[in-house]
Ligand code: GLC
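What follows is a single chain, given as C-alpha cells, in the form predicted on its own.
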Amino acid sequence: MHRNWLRWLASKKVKSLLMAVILFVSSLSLVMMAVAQQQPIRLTMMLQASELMPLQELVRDFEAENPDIRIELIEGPDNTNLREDLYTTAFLLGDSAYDLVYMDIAWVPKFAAAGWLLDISSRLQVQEREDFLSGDIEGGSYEGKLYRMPFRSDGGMLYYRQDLLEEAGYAPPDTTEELLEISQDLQAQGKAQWGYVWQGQQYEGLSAMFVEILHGFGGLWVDPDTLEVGLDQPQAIAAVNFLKQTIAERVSPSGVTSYQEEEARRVFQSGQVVFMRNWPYVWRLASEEGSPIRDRFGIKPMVHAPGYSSGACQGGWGIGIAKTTRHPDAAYKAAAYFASPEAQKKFILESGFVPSRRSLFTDPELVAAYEYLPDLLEVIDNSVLRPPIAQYAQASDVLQRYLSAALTNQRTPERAMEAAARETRQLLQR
C-alpha cells in the first residue's frame, strides 16, 4: 500500500510538472507572439548613392507617421545597369531581398513580364492617377496594368545658348535644318567652337537619345501592340543620317560618339557649344554660381524634321513592389507616401530632380527654386516611350550596336539599320 501511495504521489508530481511545463511554454509562446506583433515591419529598397540622403529624409518622415514600419535603404552602385543586374539576380534566386523596387522606367516591361512585380492598378485611385504625368503612368504600365508608382520624372530636351541666339537675331530652332543653319553661322562667326553635342556612346543613353530623333523624323522602333519593327524604314535611316551629318559637317565634334550625359554637359557648360541634348538635371548644375553659362541658356522641346513633331524620351524613376514581399500592404503604403505631393515636393527641393505630378510643375515654392519647371512641363508633355516590350533590354542592345557602327563609319546607315531591324525581328519572334 505504501508503494502504491508513492507511485500515486510520483504520478501526481509528474503530471503537475508536465502541466507546469505546458503552461510555461504556452505563456512563453504568447509572450513571443505579442513581442513579434509589436516589432515593426521591415522593408528594404536599393538605390544609388546620389539619392540616398534626400530619400533618407523622406524615410524619417514616413517612419514618424508609421512607427510600425521601418524602411532600410541599401546603397547600390551608381551604374544603372549594375543595379538592374543586382535586382535581376535577386529575383532569379527566387526570394528577393528587396520589398520595394526602385526602378528606371525602362525596366518595367522586363520585370513585369517576368512576374517579379505586384500589379498595383486597383490600388491607385482614378483621380490621383490623373495628377501624374501621362508618360509616367504609361511607362510604369505593362499590358494595361500598373506596376510602378511614379516618383520622379525625366525627359530629354534641347538646351540652347539664349545669349548667343539673341545677339545673332535667332529664335530657338524647331527643326533639325534650323539647328544646323544656326550652328554653322555662329561657328563661322567664332561665337562657339561647336554647334551641337549629344549622347553618342554605345550605351542606353544612345537609345534614349535616338528615340527622340527617330520620332522627330516620323520613324518607328517597335510597335508594342503589333511588334512591327521600323528600323530599316526610310524615316529611321534619315534620322541616322542627320546625326552623321552633324559630325561630318563639324557641327558636332567627332568625339561625340564617345559622349555620355556628363561629357556633353561639361563641354556645353564650359561655353563652347550652342546646343545640347540632355536631361533636366543639367539645369541645376549649369545654373550654379561659377558656371560660365549661368543665366545664359534656355530649354525647349527637341528639334524635329520639317513636317513632323518633337518628342522627348520619357525617363524617370518609380517604386514597384516585389511579388515575393511578405508585406504587400506596408510596401504599397510606403510607395504611395514617396509618390505623394508632399514627399515629392520635399525631395525635388532637396535634389533638383523632376516631379512626376503635374500639379508640382506650377507649385510657387518649386518654381521659385527652379524657374524652368513650367517650360519643362511643355517638354515632357511631348514624351515618347522606349518600346514597352518584355525584350526591351535585348532590343536596346541591338540598336546600340548597329547605331554605333553607323555613327563611327563601320557600316553605312542603310546596312546598319537593316541588320538592326533583322535582329530585332528575330528577337521578337523568339
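Predicted model, so just to flag it, every value in this text is computed and none were measured. Residues carry their position along the shown sequence, with the first being 1.
The same protein has a further form, the form predicted together with the named molecule, not shown here; the description that follows concerns it.
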Of 96, 80, 269, 310, the only residue with a heavy atom within 4.5 Å of the named molecule in the predicted complex is 80
Exactly one of 105, 334, 276, 240 comes within 4.5 Å of the named molecule in the predicted complex through a heavy atom, and that residue is 105
#### Entry: Contact check for 172, 283 and 375 against the named molecule in the predicted complex, heavy atom at 4.5 Å
no
Given that the named molecule is not shown alongside this chain, does residue 154 nevertheless sit within 4.5 Å of it in the predicted complex, heavy atom to heavy atom? yes
>> Can you tell me whether residue 203 touches the named molecule? I mean in the predicted complex, with a 4.5 angstroms heavy atom cut-off.
In response: yes
Please check if residue 261 has a heavy atom lying within 4.5 Å of any heavy atom of the named molecule in the predicted complex. yes
*in the predicted complex, residue 317 touching the named molecule (heavy atom, 4.5 Å)*: yes
Of 114-122, 324-332, 97-105, 164-172, the segment with heavy atoms within 4.5 Å of the named molecule in the predicted complex is residues 97-105
In sequence order, the residues of 362-387 that place a heavy atom within 4.5 Å of the named molecule in the predicted complex are 386
